[in-house]
Each structure stands twice: as C-alpha cells, then as structure tokens.
Ligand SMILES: Nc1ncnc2c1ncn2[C@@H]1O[C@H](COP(=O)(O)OP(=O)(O)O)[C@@H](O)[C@H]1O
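The chain below stands alone and is given in structure tokens; this is the form predicted alone.
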Amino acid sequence: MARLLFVNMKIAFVGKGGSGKTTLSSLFVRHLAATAQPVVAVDADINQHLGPALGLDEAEAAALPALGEHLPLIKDYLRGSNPRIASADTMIKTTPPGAGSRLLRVRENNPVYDTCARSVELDGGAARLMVTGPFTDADLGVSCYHSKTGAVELCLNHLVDGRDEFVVVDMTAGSDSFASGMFTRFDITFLVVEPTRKGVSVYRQYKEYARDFGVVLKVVGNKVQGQDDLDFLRAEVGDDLLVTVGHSDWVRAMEKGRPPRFELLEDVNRRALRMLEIAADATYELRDWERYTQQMVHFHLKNARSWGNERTGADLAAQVDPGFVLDESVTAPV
C-alpha cells in the first residue's frame, strides 16, 4: 500500500460530554504513533481521561504535571527577549508571539516539555502527552476551568508545527471551546457526534460559532449501530459527515484497562482513522499563516479590553508586533 505524505497538523477533537471524543482522539494518537509520526497529545478537557485512554494507569495519570501549575515557567520561556512584553507577569493566555519570542516545535526538547510533558509509549511508537490538570476542590467557587486551559492556548499561540508533525488536542466538552479563541488554533476540527438530537445540537452550535472564523469542521459519527442511525446523521449534518464508528471490542477492552495490540483494532475502525488522517492531510494547503496570526491578535485585543488590561495594569495592545507573522520560516532565539 502506498504511504501517505504526512504534513504538519494541529487537530482538535470536540463533542458533547460522553460522545466518545476522548476515545477517538486517543485512537487517532495511537494511529499516528504506529506510523512513527511525531505527535504531541494535549488533554484540555475538564475531565482528564486522555492519559488513561492512552494506556496510563491511575497512578501514572495522576502524576502527570499540570500545565496550569507551571504557567510562570511557560510564560518566562515563551517571552524570550521580546521587547514588547515588559515582564512575564503581563502575559495572558492570548498574548501572541513577536520578534524575540521563543517558539515551541514538536520535535525539540525545551524547558516547557521537560517540565510539562511526558512520553507515553504506544504500540510501534510514542507520543508526548501534556495535560491541563483536573478541576480540583480548591478551584470550586473561585476559579473557571478556562483559567487552566489558558496555558494550552498560550502554548498553541507559540507553537510552530513542521512537516511530518502532529498536535492533537482533546478539547473541553460541548460549546465551551468558544469561551476562548483556542477554537481557531487548529487546521481541522473533528466533531464527534452521536446519532441523537442532543448530539446534533452541539454540531449546530459549533457550526454557527465557527462560521465566521474559517474553521474546517468535519463530523465523526460515533456509536452508530445501523442504517437508521446513519440516515439520521446524514439528514442532520449533510456533507460535514466524514465517517462513522460503531461498536468496537478493542475499545471495550481498552476501557477495561486491557487493550490488545493496536494492530488488532478492527479493520473498519482502522479505515475510519485513515479517513481522519486523509481529511487532515487535505487541509494542509488551506493553511493561512497570516490569517492565523491575525486571529491571535483579534482575540488578544478582545481579551485585553475585556479584562487583561485591568488585571495586569498594562496596555496589552502594545504586545502586538504588527510586522510579525507566525510561520514555519520564523527563527526563534535560543
């Protein structure tokens, strides 16, 4: 079989709670790792299940370092020598990079990965795993979960993924992804939808919110049990339906903590993962780094006016470097 040409991709999995987005994102990460592609997997959901879905036991998952707990280090590293950022304390989740900023790259080693990422061994390969950390008892009544995902947004704003590299993010459930500009950080978004009215309602919300931002959205039908389910999804989401997934004995074994080797995943589900890969590949030529940078600036200025300037005591609009475009040609300082 001819080998696909892999390209650089930032990919999000979204969907309502219980739709199976974490399971499907973990399967896709395993699929990429099995083909020896460098991949960074990020758990940005309030329910931190990506680690266990990738085979970690409870103790290993609990020991993963939380991005939100290392935000000062992340800010200090990414700030670099950018003269427009007076101090790391004035950086917020939307602060865009500029001349002098340090960037993150998938294959490199850096202090952010050293502190916040862990390598997870998978069949035929490995993935770097980063997690926001769970919503704890100490957060109740005093914190919003988006304060934790802010660390993910800041990293994505400073991440340049090169050819043959993937970043896969398991996003928070439902339409909560739109509480920040993070939904614009991806080349393609896979929306996991069950064949139910509630399932397609999240699709309609996401479709409406994403319409003005050039978000490439494809629906993955999950828990599809027959022709009636398939007909329902086709009628509700139309051409956005990319592929469907049904029952999997392999997934059931994985959920019990006893996954077989990944090569034993059912052929129909392996083909579904290949379809996701092909769809992601097709969006490569659509990547517009200038628009990507402009969207970063748009949400940064919006957040600065809304709360950032008041909280930091600085004019955060001054952090924007008008001549800077984030792309693969940018050389960051050491």
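Numbers follow the displayed sequence, beginning with 1. Predicted, not measured: the structure shown is a model, and the values here were computed from it.
Not pictured, yet referred to below: the form predicted in complex with the named molecule.
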**Prompt:** Should the three residues 18, 45 and 223 be counted as contacting the named molecule in the predicted bound form, with contact defined as a heavy atom within 4.5 Å for each?
**Reply:** yes
**Prompt:** Counting only non-hydrogen atoms and a 4.5 angstroms cut-off, does residue 247 reach the named molecule in the predicted bound form?
**Reply:** yes
**Message:** Can you tell me whether residue 23 touches the named molecule? I mean in the predicted bound form, with a 4.5 angstroms heavy atom cut-off.
**Reply:** yes
**Asked** Can you check whether residue 255 is within 4.5 Å of the named molecule in the predicted bound form, heavy atom basis?
**Response** yes
**Asked** Is there a heavy atom of residue 117 lying 4.5 Å or less from a heavy atom of the named molecule in the predicted bound form?
**Response** no
**Message:** Given the stretches 79-87, 215-223, 151-159, 96-104, which is the single one in contact with the named molecule in the predicted bound form, using a heavy atom cutoff of 4.5 Å?
**Reply:** 215-223
**Prompt:** Among 92, 230, 237, 251, which has at least one heavy atom within 4.5 Å of the named molecule in the predicted bound form?
**Reply:** 251
**Message:** For a quick check, can you give me the residues of 80-95 that have a heavy atom within 4.5 Å of the named molecule in the predicted bound form?
**Reply:** none
